[in-house]
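Below you'll find only one chain, the form predicted on its own, shown as structure tokens.
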Amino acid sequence: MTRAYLEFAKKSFQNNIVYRSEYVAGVINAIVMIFVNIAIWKAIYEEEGSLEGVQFKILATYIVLSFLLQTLYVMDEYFIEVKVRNGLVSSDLLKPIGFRLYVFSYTVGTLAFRFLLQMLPALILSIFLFHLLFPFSTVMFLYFLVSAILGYLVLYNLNFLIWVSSFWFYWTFSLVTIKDAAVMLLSGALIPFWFMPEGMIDTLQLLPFASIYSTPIQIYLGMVPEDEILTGLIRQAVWVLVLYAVGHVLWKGASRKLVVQGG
């Protein structure tokens, strides 16, 4: 059975690699977005005259990591919706596989493609173009990797809540747009938390969004005290479990309700 899910992931990887132009465009897009955002922040602080060299390198590294993770975390937002609208979901449910694991396997295949053929080239270019700072230690880098994986799982399970809503909504574009905006604004993806009011930071840390980008990046930069890293990882894991549980409830309701729209 495990082999079947590996095949789904492999197929997803192969489907992505067919479109070589998208691979090149993804790398170029990541580099351009990093360059533009670094230029914007640099212009702001040159105007204010309040950012020293070391501080700017930390900020630049934050921006680079944020956009590299965004490149890596891209998922097919309409994978389930398309299946619901064309009726293919009914045949998927008849197969001797778990539908949720099938969707996750497909997403992991896309993740592997983006990691190998988009994020790694963009990372190598970023090291030379933007002087990316390296983590303080190997242990800190390992903490970052664990946190980044948990951040991906938080985002995946959050996305799944939107995806499964396609069983009730014919179009989920508006929901996806709202969710994407919330993630970008509340996760630290665009604006690091240290630029926000302290009271707001405390609130944002309690939400699942901070677990996606802010927590792993701050761990990488050494901005989380070592005795608090475990707390941050546990918070991420709790959000993975909570969102998974909510998704499980919604999926059970959707599978009972199943109404094939179209096809």
Partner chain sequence: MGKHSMRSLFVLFFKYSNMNLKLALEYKLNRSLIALAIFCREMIGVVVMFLILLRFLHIRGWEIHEMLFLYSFLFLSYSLFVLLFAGIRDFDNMVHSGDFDRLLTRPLGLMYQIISARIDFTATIGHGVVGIVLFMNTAFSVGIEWNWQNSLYYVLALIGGTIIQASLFLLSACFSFWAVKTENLRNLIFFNARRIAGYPLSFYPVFIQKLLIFVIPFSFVNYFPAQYFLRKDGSFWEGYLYLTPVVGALLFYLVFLLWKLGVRSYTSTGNSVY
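Positions refer to the first chain, counted from 1. Note that the coordinates shown come from a computational prediction; the quantities given were computed from them, not determined experimentally.
The same protein also has a form predicted together with its partner chain, omitted here; what follows describes it.
**Q** I'd like to check something about L93: if you look in the model of the complex, is any of its heavy atoms closer than or equal to 4.5 Å to a heavy atom of its partner chain?
**A** Contact check for L93: no, nothing within 4.5 Å of its partner chain in the model of the complex.
**Q** Does any part of G232 reach within 4.5 Å of its partner chain in the model of the complex? Heavy atoms only, please.
**A** Contact with its partner chain, no.
**Q** So in the model of the complex, does F115 come within 4.5 Å of its partner chain, heavy atom to heavy atom?
**A** Taking the distances in the model of the complex, the answer for F115 is no, it never comes within 4.5 Å of its partner chain.
**Q** Could you tell me if S174 has a non-hydrogen atom within 4.5 Å of its partner chain in the model of the complex?
**A** Answer yes; at least one heavy atom of S174 falls within 4.5 Å of its partner chain in the model of the complex.
**Q** Have a look at L132, M184, V108, L120 for me and say which one sits with a heavy atom within 4.5 Å of its partner chain in the model of the complex.
**A** By the 4.5 Å criterion, the partner-contacting residue is M184.
**Q** Looking at 123-131, 189-197, 143-151, 157-165, which stretch has residues with any non-hydrogen atom within 4.5 Å of its partner chain in the model of the complex?
**A** One stretch meets the cut-off, namely 189-197.
**Q** Judged by heavy atoms and a 4.5 Å cut-off, are N29, V32 and V36 together in contact with its partner chain in the model of the complex?
**A** Yes.
**Q** Across 209-223, which residues bring a heavy atom to within 4.5 Å of its partner chain in the model of the complex?
**A** Stretch hits: zero.
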